[in-house]
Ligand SMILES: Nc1nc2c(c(=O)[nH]1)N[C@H]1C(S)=C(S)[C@@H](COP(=O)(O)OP(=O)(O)OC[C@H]3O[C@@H](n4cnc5c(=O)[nH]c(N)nc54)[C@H](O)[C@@H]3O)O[C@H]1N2
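Next comes just one chain, in structure tokens: the form predicted on its own.
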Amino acid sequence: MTTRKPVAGGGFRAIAYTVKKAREVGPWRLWRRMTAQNACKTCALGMGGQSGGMVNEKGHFPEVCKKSLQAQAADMQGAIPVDFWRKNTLADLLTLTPKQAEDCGRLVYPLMYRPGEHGDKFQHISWEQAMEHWANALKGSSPDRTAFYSSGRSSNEAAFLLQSFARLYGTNNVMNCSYYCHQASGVGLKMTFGTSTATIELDDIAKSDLVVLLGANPASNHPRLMTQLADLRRRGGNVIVVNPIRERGLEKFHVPSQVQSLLFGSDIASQYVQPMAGGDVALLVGVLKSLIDHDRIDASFLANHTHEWEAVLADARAADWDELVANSGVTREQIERMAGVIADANAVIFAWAMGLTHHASGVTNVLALSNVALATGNVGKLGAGMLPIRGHSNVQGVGSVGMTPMLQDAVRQSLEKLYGKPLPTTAGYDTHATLAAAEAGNIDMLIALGGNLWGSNPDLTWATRAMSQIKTVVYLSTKLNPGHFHGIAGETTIILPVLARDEEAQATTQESMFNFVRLSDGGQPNVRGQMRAESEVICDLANRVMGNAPVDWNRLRDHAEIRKLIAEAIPGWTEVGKLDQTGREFTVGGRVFHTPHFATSDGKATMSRTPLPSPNFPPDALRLLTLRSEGQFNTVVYEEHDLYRGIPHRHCILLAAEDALRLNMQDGERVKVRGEAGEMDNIEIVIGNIRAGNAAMYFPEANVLIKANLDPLSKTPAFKSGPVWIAKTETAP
């Protein structure tokens, strides 16, 4: 294999990529889009808004990264050629890779597919045909056999409308993409602090002297955070990185907006810990045990501000060091060093992403991390707290405004009062339960507001089978993805072209990972076509199905009217109802804790006991972590190569040199990889700096290997600790 070993992340290569994208879509066009008063379309960190797309919520300029450029340039593509659909059958479309689907261009008119009809091809239909068929299918379905899904791409206004329609239609089968990413974070944080989001605001990072970064690779996935980490190191602080893969971008990063960093690079990790995938509970219990052993616990904080702390400390005190080391894959010396750095810091932020949540012990991982934060008094003060790093710019917002299976009682009661109608109280399907119900023949209609639901699932063969049992699937999308072709319904599949958020005529809102709500101005469509705003489509559907009672859906085509309802229904969102008059963006109330009084009945946090996961992993298997490349955003692939890892294509498996030697395999060799759910052939071995016993492959392609082992509390699949076996292609069974 010919690879270029990366020296660091960011830097001149990021600038060169920006120039390349600007040439593709037009420098002035791209500049205008990037600086418009709209929230960033990618990760939820420091999003642009009324202050401009390259200004964060604290007013700092420039705040821009490759991810935002990639997303913006992709939306500025031309329309999919008219003859594309005449030339390609479904069989042809099924061969498209995620990047090839993305590169087809913008969807500009409605499409319908019925198996076997019209030469087994998608057909261009009118909006009236699409909406009439959709409405009739809903009228012919029943609420308990209908499901609603949203990605984090949509606005709060569209998500609130869709979940409101779903409840009034009569179902709680309402879900969003967080069930496959940060749901474990939300459950664990809610159990501990009474709120399911970050406990800090953006400015707290500047007041911190230590960030513990677990199971995240912001150099590739959240580049704006790298500026914050580089600044932290420059002012004398520390960054502890916990990741089975030694990511070069987390060791040194060239921040393009800082001249010295651009030229010479910024050190990021002051300590780099490489545990076994799934070894996080043992590692964190070990840290807690070391803090206890060295009398570095904040006993006064625990006594005054927490519950159940005695039992948690007793468990850690009694834990066996040999078992902790064996389970975590980290030496006692490394664990104790990590504990010492945490204890010596004045203000610690604990930040994490899917490396912590994509396990069958995902919630337990978050609880164990919360225990360490509480034991050292690092929640409820300036510069300290919990930070789940959200991977999509409004995934937190769509959950906040009710795009979840079960509404909080207060929200449900508020909506019942607003709409004058009782809402369902039955437990709705979460994301995986929806697909399971579909496989069993219990779902007739699925409505997907953005995203790639099919590709986000474990066991893609199962996901294909499950979605084929649904009678009608309707996708609201801006561009194509493989889910449109693999997630085909049994009878009718409709793809409706919608405007990107920054193309809508009306202003919309989005929520950052710091609980900050931004107002985005909208703009003009990038391409000519028949695209419509998501809110317009939802109101049209609701009016066709339900008429104008109990809700005047035509009135709710006005986003200002939707924001008034959100202000009345959603706790902490009162200010959103005034945004159109004041223009004042705001932090959602009751979530950021700068004093140790939490969102619980008595203001105290609750610590939880965290037993080590059962050691039942197959002894002859490697632990597979699925990951994103530097040229990727969630399931969307913009570039086939992985620049920061020096990997030229996506059909690779990253192995430690020790494992390759043990398996008698060479760098560049083609092998067969088998998982619990499926297998992949002709996969190229890449020898890299990954903890021995683990392997890594790219998401979503490698999802075909992974069985749906779910965290019992959050129902999040274990995408980062699935067993795989590797065999030489010529000898593989």
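A residue's number is simply how far along the shown sequence it sits, counting from 1. Only a predicted model underlies this, so the values are computations on that prediction, with no experimental measurement involved.
What follows is about the form predicted together with the ligand, which we do not show.
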In the predicted bound form, does residue 464 have a heavy atom within 4.5 Å of the ligand? no
Contact with the ligand in the predicted bound form for residue 280, defined as at least one heavy atom pair within 4.5 Å: yes or no? yes
Residue 40 versus the ligand, in the predicted bound form: is there a non-hydrogen atom within 4.5 Å? no
In the predicted bound form, residue 180 touching the ligand (heavy atom, 4.5 Å): yes
Quick one: find which of 211-219, 192-200, 162-170, 520-528 has residues within 4.5 Å of the ligand in the predicted bound form by heavy atom distance. 211-219
Name the single residue among 434, 481, 515, 404 that comes within 4.5 Å of the ligand in the predicted bound form, judging by heavy atoms. 481
The ligand isn't shown here, but in the predicted bound form which of 110, 450, 399, 286 has a heavy atom within 4.5 Å of it? 450
Which of the residues spanning 681-719 lie within 4.5 Å of the ligand in the predicted bound form, based on heavy atoms? 699, 703, 706, 719
